[in-house]
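Okay, so here's just one chain, in structure tokens, the form predicted on its own.
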Amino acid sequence: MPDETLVDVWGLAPAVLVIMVGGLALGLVVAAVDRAVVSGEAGRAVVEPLLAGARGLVEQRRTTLAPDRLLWRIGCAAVPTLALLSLAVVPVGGRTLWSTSADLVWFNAMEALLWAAVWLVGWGPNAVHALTGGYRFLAQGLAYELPLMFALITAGLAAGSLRTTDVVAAQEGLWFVVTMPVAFVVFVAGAAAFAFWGPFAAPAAADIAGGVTSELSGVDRLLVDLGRAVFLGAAAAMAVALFLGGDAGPWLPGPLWFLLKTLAVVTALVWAGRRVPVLRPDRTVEVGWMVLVPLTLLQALAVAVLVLNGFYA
């Protein structure tokens, strides 16, 4: 019998509306924390992202010579859409928007499609800097896809299920981050790479004039920036569900614990991202293939041994 979902409880339209509002709120939180970290002024941290969003709605779109407008627009719209869809399997209060029986595969699929969407954003303008940024993102995404996938599989292996609610339930006695710290770190690092955030921002780096974002303006830039922020927030929420016990915690209501943990992960991600310099693209790819893939495989092997010995039973 599948778990009861928000769709079962509220109906499809209200449940989807809740996910959209929650996703946009997460994106605003990421932008506000980033602004607070950069400026050191918490007072305007929420106001400035809202003002920037309002300017994006009225700003004229940039044009280039012979762009592929259809693919360009599809890519820009797909980035926030896929980020919101990744939230559909994040469990809060013991429920997800819907249950796929393979929620971890769903999240990984949204992240893989996000890879394609960002590539379209770089391809569509028919401009050298945007295309260079798109190729950088392809190489980076390929290098971090496998480590992120292995991190997801490791959590599912320990829980004996690919359903996120089952993963949370399996952490009742001990959070998974205790026995799989490598998977946790790799998961949040992979999420930052797919949002090309912090040290993984080479696809939008200054040496290629903004790269994949160089030709974005107006609504297009607003959509892509929003999608990156929402995906980073969604990945933080998923990290809480997979490795930090979900909504488990004393005294406070479960959803409040989930929110506090998500805010803590977002703050750590943004703070670290603003203090670690942008890595060279070749170095980023080298770390992904030569360091993170072997580490995540060893982590999965260690967890498999614990499973065989009944540690998570």
Partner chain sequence: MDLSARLRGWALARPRVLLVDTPGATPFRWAVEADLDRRGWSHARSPADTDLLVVLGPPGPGLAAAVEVLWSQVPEPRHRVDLRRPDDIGAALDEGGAALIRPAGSGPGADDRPSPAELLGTDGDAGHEGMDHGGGHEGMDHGGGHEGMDHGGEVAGLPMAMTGPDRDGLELDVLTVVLGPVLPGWPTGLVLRAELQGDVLTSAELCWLDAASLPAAELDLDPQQAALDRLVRFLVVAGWPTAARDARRARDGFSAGDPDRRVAAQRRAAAVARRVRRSRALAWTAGGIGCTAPESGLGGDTLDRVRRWCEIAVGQPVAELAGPSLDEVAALVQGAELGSARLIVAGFDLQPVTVVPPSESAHA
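Note that the coordinates shown come from a computational prediction; the quantities given were computed from them, not determined experimentally. Residue numbers count along the first chain shown, from 1.
What comes next is about the form predicted together with its partner chain, which is not displayed.
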query: Whether Val37, Ala54 and Leu216 all lie within 4.5 angstroms of its partner chain in the model of the complex by heavy atom; finding: yes
query: Touches its partner chain in the model of the complex: Trp175 (any heavy atom, 4.5 Å); finding: no
query: Touches its partner chain in the model of the complex: Ala209 (any heavy atom, 4.5 Å); finding: yes
query: Exercise: Ala239 in contact with its partner chain in the model of the complex, heavy atom 4.5 Å; finding: no
query: Its partner chain contact in the model of the complex: Asn126, any heavy atom under 4.5 Å; finding: yes
query: Candidate stretches 78-86, 92-100, 126-134, 143-151 - the one whose heavy atoms come within 4.5 Å of its partner chain in the model of the complex; finding: 126-134
query: Residue among Val185, Ala117, Leu157, Ala205 with a heavy atom within 4.5 Å of its partner chain in the model of the complex; finding: Ala205
query: Contacting member of Ala264, Leu252, Val278, Ala248, with respect to its partner chain in the model of the complex [4.5 Å, heavy atom]; finding: Val278
query: Residues in 285-312 close to its partner chain in the model of the complex, defined by a heavy atom within 4.5 Å, in order; finding: Val287
